[in-house]
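Presented as structure tokens, the chain that follows is alone, the form predicted on its own.
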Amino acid sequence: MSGTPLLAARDVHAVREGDHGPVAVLDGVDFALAGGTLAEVVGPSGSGKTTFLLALARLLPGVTGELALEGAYADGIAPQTWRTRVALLPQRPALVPGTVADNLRLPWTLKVRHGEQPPADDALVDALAGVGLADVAPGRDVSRLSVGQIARIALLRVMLARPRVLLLDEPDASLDDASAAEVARLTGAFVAEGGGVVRVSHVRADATATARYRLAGGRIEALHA
């Protein structure tokens, strides 16, 4: 990989307490993600895939190592600002009580976005249509949404905030085929515009991935076709 990576990790360590003492979940992980890349990371259950994403998002206390975004080291970027640029979508995304619009505008209620203008209603209508949810009005209560609709709206909320990197934790694990295809289309469009995606999976291979890795034993290795 030439040039400055979009996201880079060097010598990252993360430890959790096991039944017989500390266990190295990440043991000196090195990783680099170029813009316009969808990187798929596979590994068995318990191998540390979610820990890896949490470390990249700076959401896990006690992690050591070095992170950089577009060449700027994480030490010089406030964690809250980092997470507006490196956004994590958990496996089971949660919506807050209220309307679809309330949830899509949630990032603009955070202090880190003070002074930024949230999307207008017509922009939300267009955005919902763009993810196959033209029949979902911004004013609909989220309690009336299906699992697949919740997943799409959670991803749309992240994408409307325009991060540089998306971290996806098995995003289609509980979705029907139509919703899973829509999530794949959205992430593909994000990559096509120069963003970077790290997607972790248990065993499923993503045909659209442009880079593949395996995480096991605390280490990550590139997989080659």
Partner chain sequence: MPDITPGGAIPIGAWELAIATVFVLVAGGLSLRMGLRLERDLAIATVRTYLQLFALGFVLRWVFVNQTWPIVLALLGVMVVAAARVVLKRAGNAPPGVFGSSVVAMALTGFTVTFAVTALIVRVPVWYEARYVLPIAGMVIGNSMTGIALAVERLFADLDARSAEMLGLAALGAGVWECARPSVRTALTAGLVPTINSMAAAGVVFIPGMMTGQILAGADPLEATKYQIVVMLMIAAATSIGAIASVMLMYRKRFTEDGVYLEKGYREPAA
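Positions refer to the first chain, counted from 1. Only a predicted model underlies this, so the values are computations on that prediction, with no experimental measurement involved.
What comes next is about the form predicted in complex with its partner chain, which is not displayed.
Here the chain stands alone, but in the predicted complex its contact with its partner chain, taken as any heavy atom within 4.5 Å, falls in 59-67 among 41-49, 59-67, 26-34, 186-194. In the predicted complex, its partner chain lies within 4.5 Å of some heavy atom of Q80. Its partner chain is not drawn, but in the predicted complex it has a heavy atom within 4.5 Å of L110. Using a 4.5 Å cutoff between non-hydrogen atoms, A211 does not count as a contact of its partner chain in the predicted complex. Using a 4.5 Å cutoff between non-hydrogen atoms, D19 does not count as a contact of its partner chain in the predicted complex. Using a 4.5 Å cut-off to its partner chain in the predicted complex, not one of A173, A180 and V200 places a heavy atom inside that distance. A single residue from the set L124, L145, L106, V131 has any heavy atom within 4.5 angstroms of its partner chain in the predicted complex; that residue is L106. Contact with its partner chain in the predicted complex, defined as a heavy atom within 4.5 Å, holds for exactly one of I150, L88, A101, V136, namely L88. Counting a residue when any of its non-hydrogen atoms is within 4.5 Å of its partner chain in the predicted complex, the hits in 140-165 run R157, V158.
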